[in-house]
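Shown next as C-alpha cells: one chain only, the form predicted alone.
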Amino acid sequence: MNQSNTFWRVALLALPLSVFALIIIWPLLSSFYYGFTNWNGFSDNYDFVGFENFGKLFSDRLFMSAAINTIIWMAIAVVLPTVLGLSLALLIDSHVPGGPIFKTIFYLPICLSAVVVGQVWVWIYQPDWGLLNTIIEYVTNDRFNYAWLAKPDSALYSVIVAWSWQATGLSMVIYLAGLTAIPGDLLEVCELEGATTWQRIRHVILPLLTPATVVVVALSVINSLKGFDILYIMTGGGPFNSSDMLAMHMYNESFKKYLMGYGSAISVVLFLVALTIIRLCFKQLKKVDEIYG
C-alpha cells in the first residue's frame, strides 16, 4: 500500500515539477552562468569573462540610477498602500453607510492585470484630455496640460501612484481581516473609560494589528520588486531613464542592446537582493507569529 502511494505521488508530481524546473530553475541557473560571459543572446561564440560584468555594474551610471529608483519605489510602495489600506479598513470597519459596496470598489483594482492598470493610468495622465489634468483645470479654472509621464521629475512618482492604487485594495483586505480578530469588548471598555477614537486606534488597534502590518509590508516589498509590467506600459523606463528600475534596466540591456551576459549579471544581483529581502520578511513573520501565536 505504501509503495502504491509513493508511486502515485511521484507520478502526479513529475509533470508539474518538470514544468517548474523548465521555466523557473533552468532559466535561473542559466542567468548565473551567462552572467560570467559576454554572450549576446544569439551567437554560439562567447567568452568567459569572470566577474567583469559584475564589476561593470558599479561604474554603470544607468545601473546606479536604476538602483536608486528601485529603492525609492520600494520605500513609497511600502508606505503608501499600507497607510491608505489601513485608513480604508478603519473607515469601513466603523460601519460607514455602504461599507460593503465601498469594500468591493476599493478591492476591484487588485483583480485587474498590471497591464490594464497601467493603460488606464496612461489615459488618466494624458496631458490634453486626461482625467487628472481635467480636474485640475476645473478647480483652478486655468489651462493645465502637464505631461506627467513625459517629465523626468514626475514620471517615476506617477507610476508609483498608479501601482499603489492597485495595491491598496490588498492591504485594505488584510487589515480588515486583522480588525475582525480584535475583541469588540476591549474597544467598548476603552470607550467607557473615556478614550477618544485616536487613542483607541493608537494604543489598542495599531498594536493588535502588528501581525497584519508585517504581512502587508512584506507583500508590498516583494510585489514592488515585480513592478516591471506596469512600468513598461506607462513609461518604459523613460524619459531619459528617469523612471528606470533594475528590472527594466536588465530588460533594456538584455533585449534592446543584446548584452545578454551583462543583463544576466543584473538579474543575478536583482535575484540576490530579492532573496535577501524575502528572507528578512519571512524571518520577521516568524518572529511575529511566535509573539502573537
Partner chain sequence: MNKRRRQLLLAAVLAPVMATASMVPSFAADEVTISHYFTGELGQKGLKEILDGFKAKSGITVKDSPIGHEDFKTGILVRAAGNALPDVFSYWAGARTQFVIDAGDLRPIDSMWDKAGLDNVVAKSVADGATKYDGERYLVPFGYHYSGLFFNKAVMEKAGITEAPKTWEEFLAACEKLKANGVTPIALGSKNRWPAQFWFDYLILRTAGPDYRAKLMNGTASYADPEVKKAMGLWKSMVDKGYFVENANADSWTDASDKVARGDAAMTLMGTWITGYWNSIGLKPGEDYDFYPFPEVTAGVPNAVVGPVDGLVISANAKNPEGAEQLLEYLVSDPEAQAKWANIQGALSANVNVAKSNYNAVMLKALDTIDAAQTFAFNYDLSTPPPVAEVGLSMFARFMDDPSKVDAILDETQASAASAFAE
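If you're wondering where the values come from, they're calculated on a predicted model, not measured in any experiment. Numbering follows the first chain given and starts at 1. Under this definition, the rigid core comprises the largest set of C-alpha atoms superposing within 1.5 Å between the forms.
The protein also exists as the form predicted in complex with the partner chain; that form is not presented, and the subsequent description refers to it.
Note that among 91-99, 178-186, 118-126, 75-83, the stretch whose heavy atoms approach the partner chain to within 4.5 Å in the predicted bound form is 118-126. For the three marked residues, P152, F240 and L259, a heavy atom of each sits within 4.5 Å of the partner chain in the predicted bound form. When the partner chain is considered in the predicted bound form, G50 lies well away from it, no heavy atom lying within 4.5 Å. N145 belongs to the set of residues with a heavy atom inside 4.5 Å of the partner chain in the predicted bound form.
Shown alone here, L22 lies within 4.5 Å of the partner chain in the predicted bound form, counting heavy atoms only. Among heavy atoms of Y251, some come within 4.5 Å of the partner chain in the predicted bound form. Contacts of stretch 28-47 with the partner chain in the predicted bound form, defined by any heavy atom lying within 4.5 Å, are made by S30, Y33, Y34, W39, N40, G41, F42, S43, D44, Y46, listed in sequence order. In this overlay on the rigid core, A274 has a C-alpha that sits less than 2 Å away from its partner position between the shown form and the other one. Once the rigid core is used as the reference frame, the Cα position of L285 differs between the shown form and the other one by less than 2 Å.
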